[in-house]
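Taking the form predicted alone, here's one chain by itself in structure tokens.
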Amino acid sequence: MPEGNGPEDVGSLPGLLGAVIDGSIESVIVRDPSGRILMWNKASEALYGFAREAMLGRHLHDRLSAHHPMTIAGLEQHLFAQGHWEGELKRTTASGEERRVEVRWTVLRGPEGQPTAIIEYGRDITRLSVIELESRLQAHRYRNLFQAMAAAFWEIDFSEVSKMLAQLIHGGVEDVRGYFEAHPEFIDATLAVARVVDVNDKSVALFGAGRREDIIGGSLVPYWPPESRHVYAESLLAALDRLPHLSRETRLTTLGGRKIDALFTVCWPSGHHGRGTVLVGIIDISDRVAAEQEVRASELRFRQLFQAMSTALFQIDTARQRALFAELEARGIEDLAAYFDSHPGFLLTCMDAMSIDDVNDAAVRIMGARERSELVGQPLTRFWPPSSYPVIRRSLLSSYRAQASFEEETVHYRLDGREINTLFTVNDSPELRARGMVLVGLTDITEREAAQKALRQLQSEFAHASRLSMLGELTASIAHEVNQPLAAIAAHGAAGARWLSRPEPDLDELRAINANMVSDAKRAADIIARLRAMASNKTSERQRLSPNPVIEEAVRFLHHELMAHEVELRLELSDGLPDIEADRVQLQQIVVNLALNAMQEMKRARCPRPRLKLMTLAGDGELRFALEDSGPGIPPQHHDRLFQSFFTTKVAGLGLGLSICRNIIEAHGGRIWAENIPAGGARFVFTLPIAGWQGPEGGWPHTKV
């Protein structure tokens, strides 16, 4: 090969090399990267009709008027990118004749990898027969297809393998599969004698080879790890059974030792058996297998977590229930609550359409089952008492609105029919919904409910004791209240006797006296009834109440105390207040307790002009009660302890009154707090929810005192 870039005369090359090149039957041309001709042999002179001297230093493509459908510039770009190109060109000879020339171009590179020259081998194919041209075209198409496929393709020479299999059969082996299993060394030997005839570029990249030659001519041993050779044995059995093809997923090894997951396909086209070579396709499925393994791992983690949770978990099959919802949506029904109201049986239909798909161990325990099978497949209706239907209805409404979660306390049936209090939690995420299921969690809160019930009973007893204590403090007032109607009855009785002793009694006057006596007796009975209610120890009974009459009735208990301590009471009760749901006696107990505390503090502080102001107003879904006094206010050091049990500033107090007031208020869903009035005095405020409050849009307007 000439050194440097100057045109070379073949005759200047070393004698033997020059003779070889000139003796070649193929046209041999060397040109520099710009296309300038450096060498031109005698076959080139014969092919193109140009003398060597006339071509050295000339531009090859221009001089021969070369053209190709992809353009010469495009071919040159491909050549320098890949280092090689072969194909057909049309060129014009010295006589002006156009010829079809098959050429092979190879780029020669310098030490730094830079292109230094292009060597071309060419031959005239203008005179080839139509059959030969078609054959060459088919081979060209096959070659393009072989190289262009995204899959790795191998052409394997199985001639020696076929001989080994034939010897096996002729040797009398009938159970070939059993022989393969008993003699793995036979499989290893067939791998060693199989030879790679050809591979495409995808194979080179997939198996980490630098070039095709690193694979071609070698055996299959490096690519089949021991754990995958049973798949290779399957392909031999398929060949013996004369199957047209075989596909299996397996693991192969690259030349670098890396394991890849692959879809291995070996193909024996019709009539191909026994011809020595087979075509093998390999598709890298490592990413897919890795993704599947990750899915399986995630599923395993979910299962382990599902079983390990201490909360009872139920996987509910909702496919049929969602089909019911889909039908409603298709009919344009948006208000599911209204549909439930107009179709009472639809709720049970939905519940029957949901069944238990799986449960964890905690669910088995909480439902009193011995094993999972007693719960799996059961419809939800089996575990919901009618009293809890409103809860399942609200959860279905939540699902219809595509809300991802729902939580509420309710009651469920166990398998033995016993009821348990539960915290019912639903996970209705889009992912679960797409799979036609929801995840339900149940926490047994029966013991907590029992403890809360006992606490409520204890608080009720404390409240009753507090009322009795408070009535003791009101003894003088009570006696005064009761004595007034009794004294009036006595006076009316005496007056009646005097009228009856007259010779001619005035019957009209007697009827008036009798009416007054009945009225006073009724007033005394009302007082006694209020006292009995206050002194009773009945369970809290909430009822819908108008707040102002309850306050006014409570104030009657305080009438004598107000008079005795010369306290001025001012009521500022807003008109038109909404109703509340509360226990009448407990609400009055709070008002009386707060008022008595205020009067006692004002008396102890020797207030010159003791005053009380009792107010009611509504706003933001709650009713607010406020009691203000003109006393000394709340000392800062006592402020945070006012509602703690057994905290008192009284010499003989127990410190339970305000604590009980707070318990009552919080049990009603309200709040209570105390604050000092900037102008002097203390203010106690408590709130209660308005009955039937539906949120800000339906709220009660603010009212002013």
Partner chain sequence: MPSAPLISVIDDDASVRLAVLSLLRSFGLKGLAFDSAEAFLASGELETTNLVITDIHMPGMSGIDLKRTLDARGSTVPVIMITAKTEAAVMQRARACNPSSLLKKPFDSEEFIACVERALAP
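As the structure is a computational prediction, the values presented were derived from the model and not from experiment. Positions refer to the first chain, counted from 1.
Keep in mind that the form predicted in complex with its partner chain is not shown, yet the notes after this line are about it.
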query: Partner proximity in the predicted bound form: Glu509 to its partner chain, non-hydrogen atom cutoff 4.5 Å; finding: yes
query: Touches its partner chain in the predicted bound form: Arg303 (any heavy atom, 4.5 Å); finding: no
query: Contact test in the predicted bound form: Tyr400 vs its partner chain, heavy atoms, 4.5 Å; finding: no
query: Contact of Asp188 with its partner chain in the predicted bound form (heavy atom, 4.5 Å); finding: no
query: In the predicted bound form, the residue from Leu243, Ala491, Val555, Met164 that sits within 4.5 Å of its partner chain by heavy atoms; finding: Ala491
query: Proximity to its partner chain in the predicted bound form, single hit among Leu486, Ala369, Leu237, Val289 (heavy atom within 4.5 Å); finding: Leu486
query: Partner-facing stretch of 559-567, 580-588, 102-110, 386-394, counted where any non-hydrogen atom is within 4.5 angstroms of its partner chain in the predicted bound form; finding: 559-567
query: Within 499-513, the residues that have a heavy atom no more than 4.5 Å from its partner chain in the predicted bound form; finding: Trp499, Arg502, Glu509, Ile513
